[in-house]
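Shown next as structure tokens: one chain only, the form predicted on its own.
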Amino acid sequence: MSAKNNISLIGFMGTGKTSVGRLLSQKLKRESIDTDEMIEKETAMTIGEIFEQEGEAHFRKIEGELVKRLSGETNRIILCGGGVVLNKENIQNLRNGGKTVLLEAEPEEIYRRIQKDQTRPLLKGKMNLKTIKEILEQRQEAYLASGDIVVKTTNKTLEEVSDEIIKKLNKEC
């Protein structure tokens, strides 16, 4: 696996991007950058506040600019927000900078993982399995088209998922 290439983790909320990314960062001795955290730091607003005050389109614009900037860097693990795949230019930029790894989980598992999380703007007031399934279905085609490598995370430990990613990336190179 080339040290020059970024590894970008994509996938729906609750699939494990942040947790797996942090472990990958330790294992591969690479800096991990969470795009949502970086947006919050740079705007001094939470993602929820941006959605509420400026709208999703404004958030997606900020996200796109950040993805473009990060894609030009090297040797990073980029942890992307769940909606990054909604803009094909984001995926092109991520691929120009390295490999994209799609993390997938069953809707029931996603719900179990995030049900108490009140910071998810798309699920505000509708944190339920039905809404998760609906959003997943709307994005499924974009997710599948965006992942160079696909790793399922349901019923797997962070260790198992990170090892599987490393193994698949090594096969790709």
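Residue positions are given as counts along the sequence shown, with the first one as 1. Note that the structure is predicted; figures quoted are calculated from it, not measured.
This next part talks about the form predicted together with a small molecule, which is not shown.
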- With a 4.5 Å heavy atom cut-off, would you call R139 a contact of the small molecule in the predicted complex? yes
- Query: Would E104 count as a contact of the small molecule in the predicted complex, using a 4.5 angstroms cut-off between non-hydrogen atoms?
  - Reply: no
- Item | Contact test in the predicted complex: G97 vs the small molecule, heavy atoms, 4.5 Å | no
- Item | the small molecule contact in the predicted complex: P121, any heavy atom under 4.5 Å | yes
- Please state whether all three residues K17, I47 and G82 have a non-hydrogen atom within 4.5 angstroms of the small molecule in the predicted complex. yes
- Choose one stretch from 105-113, 54-62, 24-32, 144-152: the one whose residues place a heavy atom within 4.5 angstroms of the small molecule in the predicted complex. 54-62
